[in-house]
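Encoded as structure tokens, the following chain is the form predicted on its own, with no partner shown.
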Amino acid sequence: MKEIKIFSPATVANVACGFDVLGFCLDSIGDEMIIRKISKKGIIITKIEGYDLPYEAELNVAGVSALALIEDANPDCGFEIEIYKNIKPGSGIGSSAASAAGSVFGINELLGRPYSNTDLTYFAMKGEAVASKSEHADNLAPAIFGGFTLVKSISPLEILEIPTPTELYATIIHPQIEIKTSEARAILPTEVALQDAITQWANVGSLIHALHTSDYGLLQRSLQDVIVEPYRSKLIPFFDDVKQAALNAGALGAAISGSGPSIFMLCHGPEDAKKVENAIQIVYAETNIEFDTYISKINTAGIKIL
């Protein structure tokens, strides 16, 4: 195989209580990429559509992760990358992760799959660090593995795959403002109260159990963030209004997607997801901020070959 076309999905990181460790994969939003083998060694980005991003491989998240892979693999060829960017940078649904994960996934396929999903996540972290100024895998892991993932450890890298209840849907609202991940990390406290920490890790444990047992009631009681949301929600206009409208319409929970400004809601079934979408559209229609909304089943496959 000399060429591959892939769909690299958007993802939701943190999942309320799981800052930097939990994430899940979306199905209806994502980038497309074409990667092809060439005789000249190295990585060349030949086309970018959708958003103005750097063509230099060393400055582009897809290029940096690809360079990390080929430095390790040392193949007797190089690769061209075309990026069709549908996920807006700074949207909070894993734009940089989709690029970083997509390039290493595609190259791995063209090389005959010498690397595991964990290896690919490791290489992709090098690219993700260009965008967020830190190596973390909470968006990358669900994009590569699919479904829900828990980053057990960064060093050594260990990713746990978490089951997805079959009737779980996500509704997303993306206000058309930009919040840079690096800036959203900078406002967080370096220390937290012990009681808040206890509440948070109880919620994480409960959420993992709820996903394993498809206990939607427990899932609803677990989607609470007492550590990060109080700080980051101030960056998102009308966050409290959207969250309350979503809960009133039947959402299991609502929280910031990644570092924002997108907000996600998890819902039991497509009908509830649609009701929640209608409710949050009403909230934002009364503002002067443009926005998009999406409904997505949880994507348990991750990156897909087209």
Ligand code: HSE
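Numbering starts at 1 and runs along the sequence shown. What you see is a predicted model, and the numbers here were worked out from it, not measured in a lab.
Below, we refer to the form predicted in complex with this ligand, which is not included among the displayed structures.
- With the partner omitted here, the residue from His174, Lys126, Arg232, Lys85 that has a non-hydrogen atom within 4.5 angstroms of this ligand in the model of the complex is Arg232.
- Residues of just one listed stretch (116-124, 204-212, 135-143, 101-109) have heavy atoms within 4.5 Å of this ligand in the model of the complex: 135-143.
- When this ligand is considered in the model of the complex, Ala13 lines it closely, a heavy atom lying within 4.5 Å.
- Not displayed here, this ligand is kept clear of Tyr284 by more than 4.5 Å at the level of heavy atoms in the model of the complex.
- Contact check for Phe19: a heavy atom falls within 4.5 Å of this ligand in the model of the complex.
- Although the partner is absent from this view, Gly258 contacts this ligand in the model of the complex, with a non-hydrogen atom inside 4.5 angstroms.
- Shown without its partner, the chain has Thr181, Arg185 in segment 161-192 as residues with a non-hydrogen atom within 4.5 angstroms of this ligand in the model of the complex.
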